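Single chain ahead, written as C-alpha cells, the form predicted on its own.
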Amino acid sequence: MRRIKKVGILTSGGDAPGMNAAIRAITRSAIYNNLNVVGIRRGYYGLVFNDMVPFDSGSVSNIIQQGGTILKTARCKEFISDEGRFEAYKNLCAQAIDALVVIGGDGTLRGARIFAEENDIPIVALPGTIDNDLGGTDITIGYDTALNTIIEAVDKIRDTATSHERLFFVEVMGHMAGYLALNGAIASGAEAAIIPERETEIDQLAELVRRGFRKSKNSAIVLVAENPATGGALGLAQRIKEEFPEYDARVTILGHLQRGGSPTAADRILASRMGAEAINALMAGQRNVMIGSQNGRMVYTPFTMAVTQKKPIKETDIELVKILSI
C-alpha cells in the first residue's frame, strides 16, 4: 500500500445542504494528518478538464453554515466515455493526487465505482443527497435539512388549506424513494403520503378517498413523492377533479426549494463526522467504499452495495400516518 500524500475532493450530482460542512471536514482532517488537498471544481467535469485548485485551511473558512457547494457541481457527459475517464486519470496523475473523496448520490457513486475499477486510485465516497436513498447508511447528508424545509412549507400551506377548506397535494422530491414524503407527512401532521414504494401494490389515491379522510376535517394535506409512478401532485389533482369532483383540490410543488438553505445542526454534525472518517478510511488503506452512519456509528460500505441495496420503507411508518390522520 503506497502512502497517500495528496487528496482530491469533489461534489457531484444534485447539491445537498451540508456538502460544504463535509468539504471543510475533509480538508482540515487531511491537513491535520499532513496531507495536501486539492479542490476539484464542478464534479467529474473538473477531473476531465483539469479544473482544480489547491486547498488550505483558509479555503474552507466560514462555509459550514452555507448551503450548496463551494466546489460547484455539474453534469459531465465526457466522463461517461472511456476516453473521458482516461483523460481524468491523466489529470489526477499530473496533479500527483493519490486519492479521491467524492460527495454525492447514486449517480456519483456509480461514476466513482467505474473510475476506481479502471484505475489504481483509492476513492472514498460520502452520501450527499436529500433523497436518503443510498444503502449502507441510516441517513444521508442534506436529508434532515430538506425535511425541515418541507415541514416549514407545509405548516404555511395548512393555513390556507384550513381557511378555504381545501385538499392540498404537496409534491416533494424523491424520484426513486418516498422518505421525504413519508417522514414529512409524519412530522407535519399531513393526512397522507403517496410514495413510489407503494404504488405497485395499491391505488393509494383511491384508498385515501375510501378511508373518508375528510369526514372529521374541513381540510387535508397529502404529501406526494415526485416519482412518475405516483402520478405526481398534478396527476393526482387531475384524478380528483375527474373521479371525485366533490373535493376542491389544489397543488403546490416545492421543487428545488428543498435543496437550498443553511444546513441544520444534524446535517452539519453528520457531514463533519463523515468527512473526518473519510480521511481515516483512506489512511487505513480503505478504498472504493462509502462512509455511512448506522445506529450512530461510522461504517464502510462497498460502492456496489451502496448503490444496489434497497433501503426499505418502514411499514410501521406508513401505518403511523394512517393512525395519526383520523
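Quick caveat: nothing in here was measured; it's all calculated off a predicted structure. Each residue number is its position in the shown sequence, starting from 1.
The protein also exists as the form predicted together with a small molecule; that form is not presented, and the subsequent description refers to it.
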Interface membership of residue 184, the small molecule in the predicted bound form, 4.5 Å heavy atom rule:
no
Evaluate residue 231 for contact with the small molecule in the predicted bound form, applying a 4.5 angstroms cut-off between non-hydrogen atoms, and reply yes or no.
no
In the predicted bound form, residue 104 touching the small molecule (heavy atom, 4.5 Å):
yes
Is residue 140 part of the interface with the small molecule in the predicted bound form - any heavy atom within 4.5 Å?
no
Please pick out the stretch from 247 to 255, 203 to 211, 151 to 159, 74 to 82 that is in contact with the small molecule in the predicted bound form, where contact means heavy atoms within 4.5 Å.
74 to 82
Can you pick out, from 122, 111, 136, 196, the residue that has a heavy atom within 4.5 Å of the small molecule in the predicted bound form?
111
